[in-house]
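We begin with a single chain expressed as structure tokens, specifically the form predicted alone.
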């Protein structure tokens, strides 16, 4: 029997105090819910807009218990939290997505094995633990390849490119690895895409359109919605995301990041079981954003319609990009979002800007890079 939806006035507990929690809390408020944030950070972006906050380490069992007792359901806004802590919360209150979903997404080996088991293709990969294992993996997969830690890697961290067998010398030591690593075959891709998909408590699935992601210095720079890919590629990406949502037993929302090869194949790269940077455009280009969809799924409400009413380009504001704020708010057509972070540091996501276009009128190729000029010059000029 499907659980009753949370009534208005109920409290949603969000583990993590970053910008994804902030935008989730804002979406929850629109639906009549309160949010309580658990975070080790004082004055976190999410806590600034929430009804309550527990400031404590994620491993603090007493704080976890107090937090669970103060909320009606638990969710999380990023993966780098101990799975044991989420399991403790799940023993006290409904937790969506589940600790098992978090456990799979936190470990690249578990993640890739899961994807292949449910029939979602990935780049070739191999587990290894030492220099001899790396040599065997290179012999099997070939070069170029990417050596990665199995946990805690994001925005290009925890990775080493292996362009030839000679590059393998010292690669394990450079990653400071004490446990298993994974070697992934390098994909000569045409573009990187992602799909944000939600699954409700009744098993209903709703996916936003396939988007293209462009990176700068290993951090997402632009997201183009929709991606300019063939209809068959789009269908394959949407099918893979829906298969992951059902196969992992999702209650909530996730993003599936994928490579599109030059011959149009789709290879899954990473599962992120929470709202995703590449879905920020949905706030302005859809009637129901990824954040509202996440809250709907977590609260047991019917999922909303993920259709676009506009095409969109989303631009991240990284580090000192935020200093362009006066020019951004002065330029008609740009929709700004700041995250409430006091200090701009290199590589830190300070906010984002969205520009909308009529359906079918999205700029392509290099034209997309100029969509925010003159307020934000193209990356090639700034770099």
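The structure presented is a predicted model; accordingly, all values stated were derived computationally and were not measured. Positions refer to the first chain, counted from 1.
Unshown form predicted in complex with adenosine monophosphate; subsequent notes refer to it.
Proximity to adenosine monophosphate in the predicted complex, taken as heavy atoms within 4.5 Å, picks out 181 to 189 from the listed stretches 181 to 189, 134 to 142, 295 to 303, 227 to 235. Site annotation in the predicted complex: the residue of 199, 108, 274, 96 reaching within 4.5 Å of adenosine monophosphate with a heavy atom is 108. A heavy atom within 4.5 Å of adenosine monophosphate in the predicted complex is found for one listed residue only; from 151, 92, 129, 215, this is 215. Within 4.5 Å of any heavy atom of adenosine monophosphate in the predicted complex lies no heavy atom of residue 310.
Mapping the unseen interface onto this chain, residue 209 falls outside it, with no heavy atom inside 4.5 Å of adenosine monophosphate in the predicted complex. Not displayed here, adenosine monophosphate is approached by residue 269 to within 4.5 Å at the level of heavy atoms in the predicted complex.
The shortest heavy atom separation between residue 259 and adenosine monophosphate in the predicted complex is within 4.5 Å.
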